[in-house]
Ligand code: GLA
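Okay, so here's just one chain, in structure tokens, the form predicted on its own.
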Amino acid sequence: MTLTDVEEGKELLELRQSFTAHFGAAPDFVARAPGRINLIGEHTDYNGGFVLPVAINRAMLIAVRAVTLGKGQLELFSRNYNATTSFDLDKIEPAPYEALAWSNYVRGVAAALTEKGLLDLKQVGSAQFMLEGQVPLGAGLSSSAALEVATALALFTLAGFEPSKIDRVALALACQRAENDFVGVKTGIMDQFVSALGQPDAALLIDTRSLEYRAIPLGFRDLRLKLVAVDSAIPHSLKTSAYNERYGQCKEAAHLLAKHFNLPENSQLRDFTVAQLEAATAILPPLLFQRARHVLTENERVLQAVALLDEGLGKPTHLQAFGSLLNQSHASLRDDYEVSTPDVDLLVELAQQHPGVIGSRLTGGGFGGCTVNVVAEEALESFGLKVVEEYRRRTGLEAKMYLLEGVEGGSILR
């Protein structure tokens, strides 16, 4: 459920107390980075397209203390996994075994920051990290990007950087590189970008090619609307899913279209229109056509959603049109991109049939994870009963409901 300021304070106090009990001294600071929920714009980010995510009030917290541990070493303890590991900053290698795979996000960020010339790890020294994840794991709310951004902020702070002086775009790109190259998941830039640069009570329209962005006020509070995530209880894992396969299919579709239309070889699906795609059906295998159609129509839906938000959703026709775009996005993810599952489809169907729901769809990489729902405030109780409880009854899966709000991007808490 929504974390109030009081609850957030309790979380921080508990983390600091746990750090002191575990390491024998209090932390110097806490690095915080939010997870995200994507309103619309799924699987467009690694195709150079548009996305509209929201940084959410579920965060990754890392309590940090600078210590003397030789030349430069990070000692990590994860409260979520109840596990400890450490590594040398002058010789960063993957975790020695699968149970410590969570630490690869920290290791990868340290490696990427130095490889990109953003940080001299000798300035970091040695430190102890205690990780506390408030972002539900495997729910598609980007716990990995939150961990990466919190790690980067912690390392910059240890090296003496003031938070206001950190290049947040460069930081996000380094975190993406960590996930792409060190962890081995070919994600786009959206998750890390909004975790680093999110703004309160707003979505962030991101052009993932140019990296231009602007805050799009949601206005949900005035309209008495709530942003609701429902965890399907089907753990979603980008690495073990067909995520990388979809990435390759999009790349191949773009290559064939570029060749057909005499465009540069490095063109992305972003460079083509739906009309061009439909004119090139003969040169694309049916499966690649479907994948490309999702990406191109999803880009259009993002821009249409932004236009509606810019004008305001106060008009009934605007609110209805906005919800319809969310519903269309799910149909496209289900049918053309094939990243949904029967259980997630049921969860979305139950929501879309509820009179208090404006729109509902799968959010995140897919193959499980969460749905995003825009729900009238007065319908929240019945939503819990008619959607979440009914889903549990039909599937036997322990779905969980989270009320979310837009928050600022990563920060350092002293």
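These numbers come from a predicted model, not from an experiment. Numbering starts at 1 and follows the sequence shown.
There is also a form predicted in complex with the ligand; it is not shown, and the following applies to it.
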item: Exercise: Gly356 in contact with the ligand in the predicted bound form, heavy atom 4.5 Å; value: no
item: 4.5 Å heavy atom contact, Thr187 to the ligand in the predicted bound form; value: yes
item: Touches the ligand in the predicted bound form: Phe156 (any heavy atom, 4.5 Å); value: no
item: Non-hydrogen atom contact Tyr243 with the ligand in the predicted bound form at 4.5 angstroms; value: yes
item: Segment assignment from 25-33, 363-371, 343-351, 54-62: heavy atom within 4.5 Å of the ligand in the predicted bound form; value: 363-371
